[in-house]
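One chain comes next, on its own, written as structure tokens: the form predicted on its own.
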């Protein structure tokens, strides 16, 4: 039962956050500081998510060669301006290939 309470609370929180964005006055959104903040926050959050997923396993720091190589391949594909789906396939393919080889 407590899982459903958490799911419902999270859903309500997401709805409240979305509603807050809709009722925010336009003059507040036009402020250059707010605009800069909203441009940088998604980048910071995505970077943190990538770092956690690449460098940790549970609660421990783990430098896994296959994960790091997959991240490197994704960066290389991004530098070559590959489409997002290609970046994902390249990163997954490199990591899976190295795991298949036992590295």
Partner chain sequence: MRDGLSVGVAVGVSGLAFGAAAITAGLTVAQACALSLLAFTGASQFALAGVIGGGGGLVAGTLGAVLLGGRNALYGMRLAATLGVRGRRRLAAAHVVIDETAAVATAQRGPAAARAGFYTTAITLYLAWNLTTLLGAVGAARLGDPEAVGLDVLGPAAFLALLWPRLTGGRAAVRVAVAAAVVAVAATPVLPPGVPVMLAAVAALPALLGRRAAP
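Everything quoted here is computed from the prediction, not taken from an experiment. Between two forms, the rigid core is the largest collection of C-alphas that superpose within 1.5 Å. Residue numbers count along the first chain shown, from 1.
Below, we refer to the form predicted together with its partner chain, which is not included among the displayed structures.
Proximity of residue 63 to its partner chain in the predicted bound form: non-hydrogen atoms within 4.5 Å are absent; the residue sits far from the partner. Applying a 4.5 Å heavy atom cutoff to its partner chain in the predicted bound form picks out 33, 34, 36, 37, 38, 39, 40, 41, 42, 43, 44, 45, 46, 47, 48, 49, 50, 51, 52, 53, 54, 55, 56, 58, 59 from 32 to 59, in order along the sequence. Taking the rigid core as fixed, one finds a CA shift for residue 93 smaller than 2 Å between this form and the one not shown.
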